[in-house]
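We begin with a single chain expressed as structure tokens, specifically the form predicted alone.
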């Protein structure tokens, strides 16, 4: 066992060591952890800064520094739409931070660049190691290539079906638990003369991830690849795409073909649609607009009665290889993923703590969206599908190359079969390049 209690309060130079500082919070570190765990100036980049979340990090940093007076955290907030580029620019210029938050959607390029360290030894030494959700950690490993943990996730943000509870009650129908019920409800709750639509389908920016989540949830297919080939153009997938696209302009607003997240939220909160698919992160938007009129359930079950949940890209704490303070950086990450810190952050944004002990905080019991997502995750029949974020081309394919193709499907200019074949071919080519690069 390579975990040991730290007994000294100072280090000699910057050599690796194990220390328990008398004036700081305790931690356990593996042999070889670089730097002094109790004295450091750390630069910490947040990849999604803003008025809702930055104050939460600032409060947690204040608490950490109070408990660890030898460590100073310099917080740098980045806009989410340019964070990946700023990381790459910093790496090119030799000015990467000590640690930062990255999305699994762009973790793979950092791993391929050998820019971040494996956290496996730190995790093995941590007294908190058994508190983390094993399924989410495994998904994080798969996102980084499958062998090592390069990013420590701190929240899970599952796909959710948000619905107008008052409209469903007026119509005398229950929120959908199966996809047949979902499609039936979308049509039943549409009244174009009254400006009401059963669903808002995402056609603009960011539309492919939720489309994929629907495709896996409704078909029950459990992996992006089987026998080395993409599953995205299997007949079940093509049927699912056709059925979903058929909702457009029938049970959804015409403008949906160009709509991204802000427009969807506006339609839902503004009272023109009954259901929208988005992750847990939009809770505050719905609460502000609709209060308790907004309900939430997990994405429906497939025909076999199982839920197949494709994970959202989730943020992870990552330590950069260029940092000379990796021991102190891990100590900070351990604090940020402790039961108390996890409960503080996640209950305020309405998402699921990765630290399972934090889920017992009473605030989560009053969040139907979180409870629905947790019930799905805890169901032993639920299957988790991890997107192949380790493919260097995956982000570009999903975020850029397939967006216009999906819009063509919605307006009838491209068949579901051709869309699926194109998507599958792009993934197969990307996988072939990845395999060749790995020398497999």
Partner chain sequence: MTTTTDRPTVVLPEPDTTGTPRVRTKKPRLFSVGLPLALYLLFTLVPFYWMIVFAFRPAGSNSMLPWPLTFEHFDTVWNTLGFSFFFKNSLIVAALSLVLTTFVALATGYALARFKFRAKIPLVMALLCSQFVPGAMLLIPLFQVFREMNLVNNLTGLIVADTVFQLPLAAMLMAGFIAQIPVELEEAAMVDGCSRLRAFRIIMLPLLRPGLIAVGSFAFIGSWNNFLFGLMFISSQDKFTLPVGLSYTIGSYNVDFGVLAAGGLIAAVPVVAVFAVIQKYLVQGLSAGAVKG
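Positions refer to the first chain, counted from 1. Source: prediction; values computed, not measured.
The same protein has a further form, the form predicted together with its partner chain, not shown here; the description that follows concerns it.
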property	result
Answer option from 178, 322, 74, 254, heavy atom within 4.5 Å of its partner chain in the predicted bound form	74
Its partner chain: the contacting residue among 65, 379, 52, 393 in the predicted bound form [heavy atom, 4.5 Å]	52
Non-hydrogen atom within 4.5 Å of its partner chain in the predicted bound form for each of 213, 244 and 305	no
Partner-proximal stretch of 363-371, 332-340, 167-175, 282-290 relative to its partner chain in the predicted bound form, 4.5 angstroms, heavy atom	282-290
Its partner chain contact at residue 45 in the predicted bound form, heavy atom, 4.5 Å	yes
Residue contact check: residue 351 to its partner chain in the predicted bound form, 4.5 Å heavy atom	yes
Residue 129: touches its partner chain in the predicted bound form, heavy atom cutoff 4.5 angstroms	no
Contact label in the predicted bound form: residue 92 to its partner chain, heavy atom within 4.5 Å	yes
